[in-house]
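Only one chain comes next, encoded as structure tokens, the form predicted alone.
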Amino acid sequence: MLEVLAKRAGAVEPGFGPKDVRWAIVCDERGTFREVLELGDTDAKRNCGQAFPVCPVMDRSVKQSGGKSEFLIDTAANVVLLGVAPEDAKGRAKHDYFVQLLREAGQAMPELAGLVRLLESQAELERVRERFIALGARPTESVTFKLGNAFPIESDRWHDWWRGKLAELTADRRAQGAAAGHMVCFATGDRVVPLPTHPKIKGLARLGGQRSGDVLVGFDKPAFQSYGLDQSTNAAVSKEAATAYSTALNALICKSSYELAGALVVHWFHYRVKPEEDLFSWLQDPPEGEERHARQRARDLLDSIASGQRADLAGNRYYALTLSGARGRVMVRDWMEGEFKELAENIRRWFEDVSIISCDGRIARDPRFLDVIGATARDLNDVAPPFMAKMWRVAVRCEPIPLAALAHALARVKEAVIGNKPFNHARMGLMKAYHIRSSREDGGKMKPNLNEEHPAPAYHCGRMMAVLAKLQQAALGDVGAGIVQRYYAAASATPALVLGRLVRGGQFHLNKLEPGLAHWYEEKLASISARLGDGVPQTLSLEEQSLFALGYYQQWVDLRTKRSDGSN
């Protein structure tokens, strides 16, 4: 994983890296304040700001020494003391250090002297802060400068000065690393001087991480260290590789990630693909169309790869990370990689497996991944991140669905049926997919719609329950709490104790119907009884209860859409 991330970043020089900046303090060429400008896509719901490819990056070990700040780009709190109380000595020390760096860099860029005068003037600082507050800026958002029509950060005249300054600041740490000797790098396999502390990964603050960032590799406590090795020498990575992987991962989190129930999913491809061919996005928002739903589009991609029309996709690979934060550390919940073709096949099978008939008798719309996950809980926020990560892997890698997912979905189905609530298609589709994937060789027996030839007695017990409920409704109309509300739970667990009694009660309902319709129901019940073979099962396991639920649902839809109802 580290190797792939480091290669994705390409050649990245330590001390330099891309950054996204949300705000710019606009001044004239002499440093007189004019305006505060919001950068990036100001209409976007999540504006990451404007991207600058080459920015100074302060070594983490220097910032940990206290009272230090970045150069040219930092938070509004450090740049203009936004949200910093007068008695906050640490906050003011960082601001003073930011101004000091600008003063020193004035050797290379004389125009920075005007910015120093601006930041040292309390009256001007107050004007800038008032403008930030009026625009709704937060103290933690990044800020840079614009002098006239140019951004100083885009000039290369500060690069050499910054290299020298960074070497001066990190001299002690480099000497310490050299004393530790050379070790094999975990990311490249080369013999390198290991970096003691790694750059931070940002963007996980809402997922258990810290606003200041979290480390992917860190050994800050003696309990984490072994063999007398100090800090990150326990997992040696060179400074160049650490800079590269952190740069790549921060960029991916900012531009190619999405939250899934307490975890962050990051994905990318070895070769860039068109947005409409990003298969991971299909799981989030399946493409729709009268004829080209997600399954068909995945099949089209597979056909084009097999025929050689899309040789670019045939040689492509995908990578996916599932992350969350944990008290200053990045928790890697899952890592997947594979061929694009394999991913397309797995995505097709996912949508194929969860497809099921809807209440109106047509195949339901391809469900979003979060709809399927949300179908296992009362609220999506109740889903545990490990369970979400497991289900994401199930969808991407075409793995069997865990029994826990079936148990959660079945509980919600019982609650809905007894409470006379609408069926959730994603929930029923998940239960169907469980049975298809638990025995792939018998997968053809579980279909999106009613299968009267299904071999499982539990499935036909559910069908019988649906027919008896329909019979009661035909004979008595709406009776409030019918046999479904009163007996579904017992019938799905111990059908032999309940269904026989319900069938005998059904004889009274048959006497209330017209002879033709009564005969149709008699034959329907007889055909289902014939499928039960040796008799109604005494008890049903968890998996059999889900088959009972699927049989009930598919028979209920079949009767509701009157495709086999004799009254039609």
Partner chain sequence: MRPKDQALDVWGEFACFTRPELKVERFSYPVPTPSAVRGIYDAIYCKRTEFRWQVTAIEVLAPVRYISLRRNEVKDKVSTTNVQQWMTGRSPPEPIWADGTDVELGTDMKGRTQRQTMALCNVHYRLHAEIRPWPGFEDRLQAMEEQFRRRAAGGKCIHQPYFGCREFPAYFDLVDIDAQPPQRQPLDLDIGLMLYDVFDLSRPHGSLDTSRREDPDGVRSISLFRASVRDGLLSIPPYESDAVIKAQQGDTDA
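These numbers come from a predicted model, not from an experiment. Numbering follows the first chain given and starts at 1.
There is another form of the same protein, the form predicted in complex with its partner chain; it is not shown, and what comes next is about it.
Interface residue among 211, 421, 272, 221 relative to its partner chain in the predicted bound form, by the heavy atom within 4.5 Å criterion: 221.
Proximity to its partner chain in the predicted bound form, taken as a non-hydrogen atom within 4.5 angstroms, holds for one residue of 474, 125, 187, 357, which is 187. Residue contact with its partner chain in the predicted bound form: residue 326 places a heavy atom within 4.5 Å of it. Residue contact check for residue 258: none of its heavy atoms lie within 4.5 Å of its partner chain in the predicted bound form. Interface residue remark: residue 426 is not counted as part of the site for its partner chain in the predicted bound form, having no heavy atom within 4.5 Å. Using a 4.5 angstroms threshold between heavy atoms, residue 5 stays clear of its partner chain in the predicted bound form. Annotation: in the predicted bound form, residues 47, 253 and 264 none come within 4.5 Å of its partner chain through any heavy atom. Proximity to its partner chain in the predicted bound form, taken as heavy atoms within 4.5 Å, picks out 330-338 from the listed stretches 330-338, 466-474, 91-99, 144-152.
Contacts between stretch 498-526 and its partner chain, counted in the predicted bound form as any heavy atom lying within 4.5 Å, involve no residue at all.
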